[in-house]
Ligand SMILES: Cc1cc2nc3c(=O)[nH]c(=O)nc-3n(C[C@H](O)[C@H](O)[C@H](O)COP(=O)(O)O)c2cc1C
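Next up is one chain by itself, shown in structure tokens, the form predicted on its own.
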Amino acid sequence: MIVGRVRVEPPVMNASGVVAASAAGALKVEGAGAGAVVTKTFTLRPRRGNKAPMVVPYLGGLINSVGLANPGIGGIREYVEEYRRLGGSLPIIVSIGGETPEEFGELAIAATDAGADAVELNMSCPNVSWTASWEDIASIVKESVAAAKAAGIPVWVKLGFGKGLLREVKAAVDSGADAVVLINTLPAMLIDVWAMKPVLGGVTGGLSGPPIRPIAVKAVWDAYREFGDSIDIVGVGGVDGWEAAAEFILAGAKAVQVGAALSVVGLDVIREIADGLLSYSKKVGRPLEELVGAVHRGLP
């Protein structure tokens, strides 16, 4: 499957920040049968991240408040080169997080120079302050995609769920993005009623896993209904088996990313999803490509 100008076969990959936080982790994702690897998010300057605890389990998923801990822009080349040196052969999607469109442009250039196959613009992390300060996210999306595309690399845009989502997807389409990734984690919080304080060190975090899947599927369905094949969609949020992945594909996604399930279920879930989708397509008598967005066409 060609997704956002990148061949992702099978159409399953990890979500940013999960397992493939290092090149060695990316190699584990490849060994588990993924079609591409997605790096953790790199920012212009190094970030230490939030205080521990950073991740807690919740209803089969996770709430994380990692805060984009990373070594900064210089870590991109180190990651890509180390992955290749270790024998990694999959396409690398470098996740980047900028506070401004100009920063996204700088990071995209660094990823291109390092040999990445695409960049994923993290424009919706609930664990950093700057995304909350953007008054018009659609405008920031449009400018950031333009800045990143100037680097000459395929550009994917990761967006969060909200009332402005379709405006943001339209901005990505209008500015020439190659794919949108829907959706990011949802803002969440847990309180320890005995200690009478937040559970997470960063106070609030992002909810992932099965609890958000119906919301994520709805986001993909909305985006495909509105924009059809004018932009590729990657579905993410609660993909914990092949049936969950099939939901996203039928709603309009060409590929899926797996996040919380890699920690809760284990790496084997990647191969289970890939094999399950192949078996499903055979049973319904249609290639996977024809099943993308099938619910919009009344199939079967």
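All residue numbers refer to positions in the sequence shown, first residue = 1. Keep in mind that this is a model prediction, so the values were computed, not measured.
Although it is not shown, the form predicted together with the named molecule is what the next lines describe.
Only one of 25 to 33, 234 to 242, 45 to 53, 269 to 277 lies within 4.5 Å of the named molecule in the predicted bound form by heavy atoms, and it is 234 to 242. In the predicted bound form, the named molecule stays beyond 4.5 Å of every heavy atom belonging to Val12. Using a 4.5 Å cutoff between non-hydrogen atoms, Ser144 does not count as a contact of the named molecule in the predicted bound form. Contact check for Gly209: a heavy atom falls within 4.5 Å of the named molecule in the predicted bound form. Using a 4.5 angstroms limit between non-hydrogen atoms, Val18 touches the named molecule in the predicted bound form.
With contact defined as any non-hydrogen atom lying within 4.5 angstroms of the named molecule in the predicted bound form, the contacting residues in 167 to 193 are Ile183, Asn184, Thr185, given in sequence order.
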